[in-house]
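In the form predicted on its own, a lone chain appears below as structure tokens.
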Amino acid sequence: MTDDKDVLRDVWFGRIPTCFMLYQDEITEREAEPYYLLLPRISYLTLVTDKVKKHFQKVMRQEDVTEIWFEYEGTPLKWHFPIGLLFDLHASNTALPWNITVHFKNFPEKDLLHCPSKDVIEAHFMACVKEADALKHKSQVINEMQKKDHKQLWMGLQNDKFDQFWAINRKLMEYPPEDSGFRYIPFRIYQVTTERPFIQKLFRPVATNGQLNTLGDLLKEVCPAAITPEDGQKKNQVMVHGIEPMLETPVQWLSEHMSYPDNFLHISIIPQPTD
């Protein structure tokens, strides 16, 4: 992969200032102060909120503490989506800090998966990494790795260790010199305006004529509604990690440098703010 290490670092160390507040109907023994945290964009809510849970448990009766879940403006937040994706989808055009409501009751079974332990997050994360490598290398790279390499990927993410993670992940970002990129690009496109969880299709980084496919090419093929017509007004923002990449950017470069640790490019299509 090309050596744009600064981009990898910027992506890894992206943070979202967040204010956690206890839901007003939760029963407490004394007033619950809000809790402030810088959330890592690349991680998962249930992986980085142990301190939040402990903070609010202090003011609650133990019998009232069940599984914690989070909500933003009425929308339950899916813990198995990376934090940066959740923010881009639901809150990218709001003032910071991001105000998240904490619940311990009435778990929304229809909207959220249960997350009883860190093992569940690890299993989800590794399943995504394996799926991505199936697309990129027919699973050859991930299958050649040892169990300790898989563990190092996970521990690097869990403990926020950039070098530990990338020492292994760089192998997943390589491809044979005779190729111009991966077999297929692992991506998912999300829209708040549809019920569909995300769009995911097979898409090659290089066109049949040998040209590198761009983000614009990807959108034209799988989500044409996201593209602004030449004579039209911009209706959508196409976001990855809180920025709008140029549509001329090759998807191979984006996949190598702006994928989340699960090796997927998570792309949010959100309505253009009107103000």
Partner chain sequence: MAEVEEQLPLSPQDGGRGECGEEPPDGGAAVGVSETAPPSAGSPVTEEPAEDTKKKIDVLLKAVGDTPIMKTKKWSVERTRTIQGLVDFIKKFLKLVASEQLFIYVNQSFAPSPDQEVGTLYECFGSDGKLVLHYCKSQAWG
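Numbering follows the first chain given and starts at 1. Since we're looking at a predicted model, the values are computed, not measured.
One more form of this protein, predicted in complex with the partner chain, exists but is not displayed; see below.
> Which of 69-77, 120-128, 92-100, 172-180 has heavy atoms within 4.5 Å of the partner chain in the predicted bound form?
Of the options given, it is 120-128.
> Using a 4.5 angstroms cut-off on non-hydrogen atoms, would residue 134 count as touching the partner chain in the predicted bound form?
Residue 134 belongs to the contact set for the partner chain.
> Please run the contact check for residue 244 against the partner chain in the predicted bound form: heavy atoms, 4.5 angstroms, yes or no?
No.
> Does residue 184 reach the partner chain in the predicted bound form if we count a contact as any heavy atom within 4.5 Å?
Because a heavy atom of residue 184 falls inside 4.5 Å of the partner chain in the predicted bound form, the answer is yes.
> Closest heavy atom of residue 221 to the partner chain in the predicted bound form, within 4.5 Å or not?
Yes, residue 221 is a contact residue.
> Does each of 37, 46 and 116 have at least one heavy atom within 4.5 Å of the partner chain in the predicted bound form?
Not one of the three qualifies.
> Considering only 194-226, what residues come within 4.5 Å of the partner chain in the predicted bound form, judged by heavy atoms?
197, 198, 200, 201, 202, 203, 204, 221, in sequence order.
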